[in-house]
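This document opens with one chain alone, in structure tokens, the form predicted alone.
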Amino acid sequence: MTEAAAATPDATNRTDILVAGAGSTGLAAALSFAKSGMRVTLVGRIPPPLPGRTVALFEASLRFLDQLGALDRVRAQGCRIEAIRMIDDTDQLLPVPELTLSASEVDLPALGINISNDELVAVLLDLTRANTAISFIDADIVDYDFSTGATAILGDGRRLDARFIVAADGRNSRARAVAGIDVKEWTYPQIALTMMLRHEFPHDGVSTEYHTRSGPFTLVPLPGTEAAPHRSSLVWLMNVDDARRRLAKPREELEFEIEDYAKSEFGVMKIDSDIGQFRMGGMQVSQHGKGRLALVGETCHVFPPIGAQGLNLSLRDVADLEDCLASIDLQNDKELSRALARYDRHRRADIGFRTHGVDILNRSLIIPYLPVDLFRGASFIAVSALGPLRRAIIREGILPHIALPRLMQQPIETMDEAHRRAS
């Protein structure tokens, strides 16, 4: 379908699914609904580059991307994460043991893949543009009309009718506001700095988190280049004054400070990208779907980049919604209502569990209160000492077992299996 045809639909050719927002979540939503045989219109602006931002995609997300045909390119451009290493650096009264969560403990070759956010968007955008079932309109939606169905109104006055709208338009979602869905928001006294680094010693496929009093300082593996064989991305949480001070520093001084925070374990460190920054906060919604609208991604949840749950949770939103809508008649209000109730039930449990977990961990670091320190330390000791508990935590983090959507259930074929099948 051409852009012109998609821009002026009538009652007979209106789209099945209209996706609002063309970031990674919106692109993935368009691809997943097109895969299920629906006509899809994607409306939104391609997001600008995000300096220093990468995304760690875990097993469930990789299975989903495999179903969308994106995994091979993600593998080629990303770096495998084989383990996550957590080190307490809060100088609390009682020492806390180092904790390592390894893919080998759950019989996987890797926990996930770390890839530049911009590269992931480019991969999904290429697949979207090549998909004949998706009409992409590079425009802004300024309003919605849900009075008699589902209509998006563009800035030039054009109206796009759909049987259903998927809002992936971010934390300031216009669709969510028009639908009257309430939000609960909160802030943390922190800013995250993001950047890519090259360093002297290898990361060995291990993501390393130093838990400091200002929040996590996390180094995530990146693929090397000929000029820089050892590279990582950094997500560094700190208070507002420290962020302002560090951003004003000459780069060489900031590199020395980064090397000091990493305990010189990676040797000499050099900043290899622009530096990004964003304020820490959280958000939840009162419901995840209403009428002929469903929310996915940061339209319905926001929390700090701890445990790399953000985009993984967003892709689970998309896969779960596709699962709930796949076998229903979108024109049947009763079927649609039941499907959205199921979607809301699934997402409320999944998002709520992870939002509260991340919130508790972040606050336990930045509040120097002895009972909280003792509880966090005891938790680390228990996870480190108890193999079954540790393996359960790993599995829940990378491949949740409750209500796993259909597009995330198929195991990924290994390279050896692919070679055997080809031969």
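On a predicted model such as this, the values are computed, not experimentally measured, just so you know. Just count from 1 along the sequence shown to find any residue number.
The same protein also exists as the form predicted in complex with a small molecule; that form is not shown, yet it is the one meant from here on.
Examine Gly23 and determine whether its closest non-hydrogen atom to the small molecule in the predicted complex is within 4.5 angstroms.
Judged by the heavy-atom cut-off of 4.5 Å, Gly23 is in contact with the small molecule in the predicted complex.
Closest heavy atom of Gly112 to the small molecule in the predicted complex, within 4.5 Å or not?
No, Gly112 sits far enough from the small molecule in the predicted complex that none of its heavy atoms falls within 4.5 Å.
Considering only heavy atoms, tell me if Phe278 and the small molecule come within 4.5 Å of each other in the predicted complex.
Yes, Phe278 lies within 4.5 Å of the small molecule in the predicted complex.
If you check in the predicted complex, is Glu298 within 4.5 Å of the small molecule, heavy atoms only?
Glu298: contacts the small molecule in the predicted complex.
Quick check for you: of 104-112, 258-266, 88-96, 187-195, which stretch puts a non-hydrogen atom within 4.5 Å of the small molecule in the predicted complex?
Answer to the contact question: 187-195.
Only one of Arg363, Arg45, His356, Arg391 gets a heavy atom within 4.5 Å of the small molecule in the predicted complex. Which one?
Contact with the small molecule in the predicted complex is made by Arg45 alone.
Among Asn312, Ser135, Thr208, Ser232, which has at least one heavy atom within 4.5 Å of the small molecule in the predicted complex?
So the residue touching the small molecule in the predicted complex, by this definition, is Asn312.
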